[in-house]
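As a starting point, one isolated chain is supplied in C-alpha cells, in the form predicted on its own.
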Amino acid sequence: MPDSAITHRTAHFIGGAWVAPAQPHAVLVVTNAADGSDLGSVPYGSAADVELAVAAARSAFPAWSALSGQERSDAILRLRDALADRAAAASWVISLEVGTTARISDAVQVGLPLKTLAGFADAALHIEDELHIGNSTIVREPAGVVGAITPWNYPLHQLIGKVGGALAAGCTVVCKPAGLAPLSAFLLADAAEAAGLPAGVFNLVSGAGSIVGESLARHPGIDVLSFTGSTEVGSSIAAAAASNITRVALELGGKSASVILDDVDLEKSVKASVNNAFLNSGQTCSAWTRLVVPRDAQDRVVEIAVGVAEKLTVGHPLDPATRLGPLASAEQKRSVLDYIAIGVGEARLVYGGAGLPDGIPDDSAGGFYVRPTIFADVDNGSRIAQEEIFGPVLCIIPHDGDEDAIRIANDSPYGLAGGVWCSDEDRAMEAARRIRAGQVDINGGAFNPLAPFGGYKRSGMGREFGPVGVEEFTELKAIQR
C-alpha cells in the first residue's frame, strides 16, 4: 500500500485546516523498522507552530464545551467512522513504523482504538455533571485545552485514549505524536477533517519532543497535559508543566509480573504469560516481563516457555507467517541487546540471546530484529528484573509461596499492570488486591478498554480510557446556596 499521501506529510493540522509549518523545509524522517530505509517524513515543528495550535484550540473551546453530551457523542462517532475508513492504511503504516505484525496491527493497533472511540462516544452521554451534597451543587466541567504527547509503541491507541477522552469531556486538543511513529496521527487528522469536527477542536503538530513536546508542556494556554512514554521523559515533562501549575496525567513505564501460584494449569498460564510478554515484540509498557513461578515448577515452566518462544517466528511485519516483527528503531535494538548482555551475567540464559533471529538472512540486518530471549533463575533485584527493557526479553523468577510471590511482584519501582494465575477465585482475588498495580488480570482476564488504565509508583499518575478517563479531563466546582 505504498502511498506518498500517507507517508510524506508537509503540513500540520491546525484550526480545521492543513497549515504549512513555520519552518517548511525542516522535516522529521520516519524509518521503516523492517529494513531501516526511509518510510516517510513529517514536518519538524517549532514553538511557533505550537503557539498557533494552542490559540486555535483555545478559540474553539467555548463552543465545543457548550455542546450537549449527545452532540459531542455524535461527533466522536463520525470521527470513529471516518477513521474506520482509513483502518487498512493505519494498520499498514503502523506495522512499518513500529514493527508490529499485520495481524496484531489490524486487531490491536487499529481495531482496539476504533472500539475505544465508540466507548468514548457512549461515555459522553453519561457524564455525571451535577451532584448535590448538603447545600452544595457539585458541577463537573470541561477542563479546557488538553496537550497530548503520545508514544511510538501503540501510536494510534494511546492517541485515541487522550483525544477521545478529552473530546467526550468537552475539551479541545493539541497533540504531538512520537517522532518514531507519527504517521497514523496524520490519518486521524484526515479523519477529523472528513468527520467535520469543528475547527480547532483537534490540532496536530509533529516534531521533536525537545521542541514541540517541551513547548506544549511549558505553554500557559494548556490546562491539562497528558503524556505517555518513559518515566525519565515523563518526569521532565511534569517539571516543565509545573512552571504554570498545569495539571499533568502521566502513563509511564512498567515491569509487570505474571504471578503463577501452585494450583494452576502450567501449560495455559505459562503460554499466555509468554505471549503477553512478547506482544508487539515486547514493546508494550504493561507487558508481563517478569514471570514469577513456584520454585519447584521452574524447570517445567522453562520447558513450556521455550516451546512457546520457538513458535514465535521472527520476520517482516507484513509477512502473514511472522509472529514477531522487528523493534521500532536501531536505538531500541541496541538498548535491548545491551540488556541481553547484562542478563547473561546476571541469570541463566535458556533461549535466544544476541545475534540475528533464525530465518533472518544477513541482507535483512538493516531491520531492527532481535531474538526472543528468556532468562531463568533471575534474582528480582537484578537489573534485568528491575529495569524496563522494552523488547522481547522475559525474566523467570522463582518464588516460595504466595507471600513471597506477592512480595516479588511488588518489589519494583513500577506498578502498571500484572497477572495472577490461581484456580481458587478467592485466593486469586486476594493476591490481585495486594499487588500494587493499576491493572491486574486474573487467569488471563481480557483487556477492557472501558476500565481505567494507569499506574502506581513510577508508572505514573492519572487514568486513561472509559468513563474514568473522561473525568481526567474535567474540573469540579462546588456551588453553595
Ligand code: NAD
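Throughout, we count residues from 1 along the sequence that is shown. These numbers come from a predicted model, not from an experiment.
Beyond the structure shown, there is the form predicted in complex with this ligand, which is absent from this document and is the topic of what follows.
Comment: this ligand is not present in this chain, but in the predicted complex one of 214, 223, 122, 346 has a heavy atom within 4.5 Å of it, namely 214.
Listed residues 137, 236, 410, 275 were compared with this ligand in the predicted complex; 236 is the one with a heavy atom within 4.5 Å. At least one heavy atom of residue 254 is located within 4.5 Å of this ligand in the predicted complex. Contact check for residue 227: a non-hydrogen atom falls within 4.5 Å of this ligand in the predicted complex. Shown alone here, residue 421 lies farther than 4.5 Å from this ligand in the predicted complex, counting heavy atoms only. In the predicted complex, none of the heavy atoms of residue 56 sits within 4.5 Å of a heavy atom of this ligand. Per the 4.5 Å heavy atom criterion, this ligand in the predicted complex is contacted by stretch 246-254, the sole one of 379-387, 311-319, 246-254, 183-191.
Along 146-175, a non-hydrogen atom within 4.5 Å of this ligand in the predicted complex is carried by 149, 150, 151, 152, 153, 158, in order along the sequence.
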